[in-house]
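Given next, in structure tokens, is a single chain: the form predicted on its own.
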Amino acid sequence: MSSPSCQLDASCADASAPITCAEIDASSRPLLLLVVSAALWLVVGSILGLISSLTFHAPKMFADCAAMSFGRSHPAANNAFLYGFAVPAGLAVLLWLAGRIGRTKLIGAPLVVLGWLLWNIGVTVGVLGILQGENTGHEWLEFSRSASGFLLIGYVAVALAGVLTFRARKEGKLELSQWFILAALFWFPWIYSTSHLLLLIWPVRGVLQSVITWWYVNNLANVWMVLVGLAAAFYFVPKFAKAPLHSRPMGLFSFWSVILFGSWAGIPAGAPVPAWIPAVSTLGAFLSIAGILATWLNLSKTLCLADRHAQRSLSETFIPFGVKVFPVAALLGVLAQPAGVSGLLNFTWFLPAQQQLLVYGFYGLVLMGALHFMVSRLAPVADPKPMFAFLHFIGCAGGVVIFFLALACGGVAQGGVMNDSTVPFLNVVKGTLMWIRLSSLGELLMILGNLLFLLNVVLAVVRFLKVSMESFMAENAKPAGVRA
């Protein structure tokens, strides 16, 4: 009986295909640079996130270290996750999918290597700068101008390789995932360059800076990450189910819903701007509900066709979990928009909880599943042991669920007390400590999962390099008795 991983490659085993999956994967091996660095930055970001959490319920622990204070460790953690893990890992998945779906080799491998180098220089400079106190003050855009320049040039180099690969595809008709791939490749440089021009190069004045920041954060989380996550989901879920997608038109509806309405949201009710701006933001959020439900229904009906008793690979555990998390996280973000709800939840721990559920619970876990599948093809090794895979999944999935439930419940309770003018603010802060401690437990589990992910990726790459080197040496060894 063939393994699940072999069956997932059945679509590439067509003898009439001019290029095999093995050839596509061999050309895509430079993407391993993006994967390994992303896994490393994920661990760094999660450790910094735990440190920032500990500053609340153990403030004396880092009292003498300015770099580990909440004002530095928290933005450093966010940026290490976003730009160290989320973007490069997303690019690796997009480029690999572009080759696999388009049945073509990766075009522009040197561009990928150059982009990887520039990108990691930018992330390193940016994170170290934040820890040293160099911060722009704009959420998710705290990197200095010099670091941001490296990021933008590095992204363009890698994305250009993706566009060239997409252009070299063998079939003119676009598969559903290709719509998401192409949109994602162009969306990030647009929002990143626009926000930097309006905030750092030619800064707008006053509250418009906050509007641009909200716009960028919302577009990165609710548009770009959703595009990348759904590109992977719409590719892998039908393969796991060994059946076609339930509805392609419904998938296209999801795509246009994200593109047309996803970027509207993000500006909270009560923001110090003209009232029509939060109103339009809330309207856009509610218009996206139909697309969220369509995505959930489409993928759920496809997953229902899967054999529940079949042996499952690690990817088939992570991606369905992320798919199930997506509608919950997205709908909670929509429901937090109206003025009545926003008045209760704004400035509480509920919003970071919902954001973490989306960017880690959905996007992060879907990407981990996709990357596990990728690495097993780009660096062929045996699948990890069942216990190893189980601990990895429990750490990531269990950690994000505990983190979300703790801060979401704490945020609702915090909002209710904050709206009571008779309660001193110090009492409000003390009342959140129990929930923060519980969320730290979730962060510990996520660190465990992230460490196992890094270990799995590094061991796979090292083992592959060792086998490749031994094979190369054996093929080029001179016969005994022959002198140089």
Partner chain sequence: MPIWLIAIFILSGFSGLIYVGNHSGWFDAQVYEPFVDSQHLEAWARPPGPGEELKRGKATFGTLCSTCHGDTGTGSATTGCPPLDGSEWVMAAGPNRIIRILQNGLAGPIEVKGGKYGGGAVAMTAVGAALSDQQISDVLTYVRNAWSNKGKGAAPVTIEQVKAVREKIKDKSGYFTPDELLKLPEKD
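Here the structure is a predicted model, which is why all the values come from computation and not from measurement. Residue numbers count along the first chain shown, from 1.
FYI, the form predicted together with the partner chain isn't displayed, but the following is about it.
Partner contact for F390 in the predicted bound form: the partner chain, 4.5 angstroms, heavy atom: No, no contact at 4.5 Å.
Is F286 a contact residue for the partner chain in the predicted bound form, using a 4.5 Å heavy atom cut-off? Flag for F286 set to yes.
Under a 4.5 Å heavy atom criterion, is P110 part of the interface with the partner chain in the predicted bound form? Result no; P110 lies far from the partner chain in the predicted bound form.
With a 4.5 Å heavy atom cut-off, would you call L164 a contact of the partner chain in the predicted bound form? Flag for L164 set to no.
When the partner chain is placed as it is in the predicted bound form, are L128, F150 and A329 each within 4.5 Å of it, taking any non-hydrogen atom of the residue? Heavy-atom distance to the partner chain in the predicted bound form: none of the three under 4.5 Å.
Just one of A243, A413, V401, A294 has a heavy atom within 4.5 Å of the partner chain in the predicted bound form. Which one? Of the listed residues, the single hit is A294.
Proximity to the partner chain in the predicted bound form, single hit among V273, A168, A157, L118 (heavy atom within 4.5 Å): Of V273, A168, A157, L118, the residue with a heavy atom within 4.5 Å of the partner chain in the predicted bound form is V273.
Please identify, from 358-366, 331-339, 235-243, 100-108, the stretch that has a heavy atom within 4.5 Å of the partner chain in the predicted bound form. Stretch with heavy atoms near the partner: 331-339.
Could you pull out the residues of 245-267 that have any heavy atom within 4.5 Å of the partner chain in the predicted bound form? Stretch hits, in order: M250, F253, F261.
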